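Read the single chain below, which is given as structure tokens and is the form predicted alone.
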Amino acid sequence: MNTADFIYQGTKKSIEKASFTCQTPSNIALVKYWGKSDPQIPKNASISFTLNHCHTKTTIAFTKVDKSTTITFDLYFEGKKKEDFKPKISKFFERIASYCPYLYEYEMVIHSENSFPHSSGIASSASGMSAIAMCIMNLEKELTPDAEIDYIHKKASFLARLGSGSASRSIEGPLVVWGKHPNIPESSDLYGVKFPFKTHPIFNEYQDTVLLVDKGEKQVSSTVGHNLMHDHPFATQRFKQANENLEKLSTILQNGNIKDFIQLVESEALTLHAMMLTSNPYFILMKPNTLEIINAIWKYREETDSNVCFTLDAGANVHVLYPKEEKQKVEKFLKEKMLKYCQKNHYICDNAGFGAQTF
């Protein structure tokens, strides 16, 4: 599919008022994307686990008005009006307007809340933008009742991407690829697709405990970080490496070689942060306790032959990944040894999930 396929083709009915509530999860990339071109096109393909409990729940009330030249909305986040969030959402609406021109005919009131801290490296933009996109696509589904669900999901991912690249991976699950890759059938730079191959049972219901090292807002946003890849001395090599790693991970996910999974996923996490360390200007999002946790995981794995490993998003928090069969042992280790490194002992137990829900 190309961009023209997502241009709205008119309506078969009129809706004066409507309200939709959608819940979409965050996701955690196993092979990272870091660097993009306009409009939100990734420099390399990526793959992620869709999460389950780390989600954004958004309600949008649509009220029909006279057609306007601007898209109007009010935004409430966790019960409070958030004017400082509006510029990013406004830019998102500007980007999607040509694909959803009916938005000019509605006033929107958006209420949104997270199940996890905002702007702390748990991809809040991914869940937030995908939730808005799903609410909009629920309206479009009402306007055009014969639209197929596969198209609704693809367009939701396509729209979400224009707000936050990683949001394209939050519509479905449990494994989603975003970015054109020669070895992933139907993969696209425009939207995420479900991993098309049968995965080994060991990756079913994979666990992710998020250790909240720092719940504050990041010093450097992901948007700024992505832009620093334009003139990065290692950018070309990194994009090539990521695409090669995705091909390797595709094989691993199918054959169940979990030791190779551990090595690749941890290397990807550290490479992401190496790009930050070597950009100009350089910056560090990890905290001292991030490194304490990483070393403790390595020590535990060596002593127990566990299959636990870590990955990092663009922040200080640590995602601890492990098979469901190790859930009891690993969670005992984390509670006994890791909570001292977490802000106020806070952590989130999560697992791979299946994407967006509409209520």
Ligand code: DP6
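None of the values given here were measured: they were computed from a predicted structure. Numbering starts at 1 and follows the sequence shown.
Here the subject shifts to the form predicted in complex with this ligand, a form of this protein not shown in this document.
Under a 4.5 Å heavy atom criterion, is residue 36 part of the interface with this ligand in the predicted complex? Within the cut-off, so yes.
Residue-level contact is defined here as any heavy atom of the residue lying within 4.5 Å of this ligand in the predicted complex; does residue 212 satisfy this criterion? Outside the cut-off, so no.
Does any part of residue 272 reach within 4.5 Å of this ligand in the predicted complex? Heavy atoms only, please. Close contact exists here: in the predicted complex, residue 272 approaches this ligand to within 4.5 Å, heavy atoms only.
Is residue 166 close enough to this ligand in the predicted complex to count, meaning some heavy atom within 4.5 Å? Yes, contact at 4.5 Å.
Among the candidate residues 321, 314, 297, 54, which is the single one with a non-hydrogen atom no more than 4.5 Å from this ligand in the predicted complex? Among 321, 314, 297, 54, a heavy atom within 4.5 Å of this ligand in the predicted complex occurs only for 314.
Exactly one residue in 223, 236, 278, 267 has a non-hydrogen atom within 4.5 Å of this ligand in the predicted complex; which is it? By the 4.5 Å heavy-atom cutoff, the listed residue in contact is 223.
Heavy atoms within 4.5 Å of this ligand in the predicted complex: which of the stretches 57-65, 324-332, 24-32, 298-306 has them? Selected range: 24-32.
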